[in-house]
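Let's start with one chain on its own, the form predicted alone, as structure tokens.
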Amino acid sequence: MPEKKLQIALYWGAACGGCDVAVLDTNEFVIGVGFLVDIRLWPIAADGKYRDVEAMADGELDCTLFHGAIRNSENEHLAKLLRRKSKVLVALGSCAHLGGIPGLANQVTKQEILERVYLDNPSIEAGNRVVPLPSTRVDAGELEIPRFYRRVYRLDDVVPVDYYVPGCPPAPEQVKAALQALVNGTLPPARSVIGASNRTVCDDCRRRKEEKKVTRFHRPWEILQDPDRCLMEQGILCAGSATRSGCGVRCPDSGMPCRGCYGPAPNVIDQGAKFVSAVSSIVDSKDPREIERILGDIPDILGYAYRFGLPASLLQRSIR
């Protein structure tokens, strides 16, 4: 056991909590890590306070694992605070790395989101027209909540990030690799992607490729798939050719297509554009009307192509 334990923090921005579960899924490993580190902040598991972090000296934390995108002013404040207090800042998971699922909200405006959630929603009480404001006067005084930003940002858009651990969520083995590197003092060069490879998911996929094209696209539940054949060649949209490997090909091995959560493969500038190119290349037609019909089977091409990385793409967001 080291003479002085490492000081670390875990924090979530706009996220679902799955990355916290990935940390817990390391099972007894995380218990062993507990003997080597002091966890100073972990909102899902410990009752740490922001004021405790604010009272720390700059650089007092050896590392912060930050998961979640930047959606509001609280997320940004904690990102900047933890960056200042941490020697090493790790973007853990797709949301911190690329914007993640919350980043799909960049397709619409802030006003459209607020109207849909608080005004045009069948679950709200009839006649209720209240939209939250950053500051509201109530009987007990002034109530303040975080400001809702007009778009979603990845962590790197707000503060410098030292390392990335991709995935939605990252595989437990990746989380273990990151924590071991931190504890052992064997972190790779700055800005590295930890625990992922320089190959694509397709490169590591065991499914057989026959260079066949398709005349129709299907949702996974619509057909009885061949468990040994390439999913894309069966008309099931799979982002493996555009996505960095390192996950262990968990989704295709389970009969589900790659969703793209590990981000763009090395040397891919825009993951969504690469995916659209792959889809276009597999369509078995040269007739414009037939191509339009085949592509019409895809219900949400933007959602497929940029499911985890719209804020990190060349598009970034919709501008009205």
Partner chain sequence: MGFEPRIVGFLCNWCSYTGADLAGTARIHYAPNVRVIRVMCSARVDPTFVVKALAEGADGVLICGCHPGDCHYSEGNYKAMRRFPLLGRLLRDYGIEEDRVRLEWVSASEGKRFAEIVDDMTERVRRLGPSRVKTLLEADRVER
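Residue numbers count along the first chain shown, from 1. In this text the structure is predicted, and so the values were computed from the model without any measurement. Rigid core: the largest C-alpha set superposing within 1.5 Å between the two forms.
Note that the form predicted in complex with the partner chain isn't included here; everything after this is about it.
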item: Interface stretch in the model of the complex with the partner chain - options 58-66, 250-258, 32-40, 282-290, non-hydrogen atom within 4.5 Å; value: 282-290
item: Non-hydrogen atom contact residue 74 with the partner chain in the model of the complex at 4.5 angstroms; value: no
item: Residue contact check: residue 80 to the partner chain in the model of the complex, 4.5 Å heavy atom; value: yes
item: Non-hydrogen atom contact residue 153 with the partner chain in the model of the complex at 4.5 angstroms; value: yes
item: 4.5 angstroms heavy atom contact with the partner chain in the model of the complex for residue 183; value: no
item: Residues of stretch 253-271 in contact with the partner chain in the model of the complex (4.5 Å, non-hydrogen atom); value: 269, 270
item: Core-aligned C-alpha movement of residue 159 between this form and the one not shown reaching 2 Å; value: no
item: Rigid-core frame, C-alpha of residue 186, shift of 2 angstroms or more between this form and the one not shown; value: no
item: Core-aligned C-alpha movement of residue 215 between this form and the one not shown, 2 Å or more; value: yes
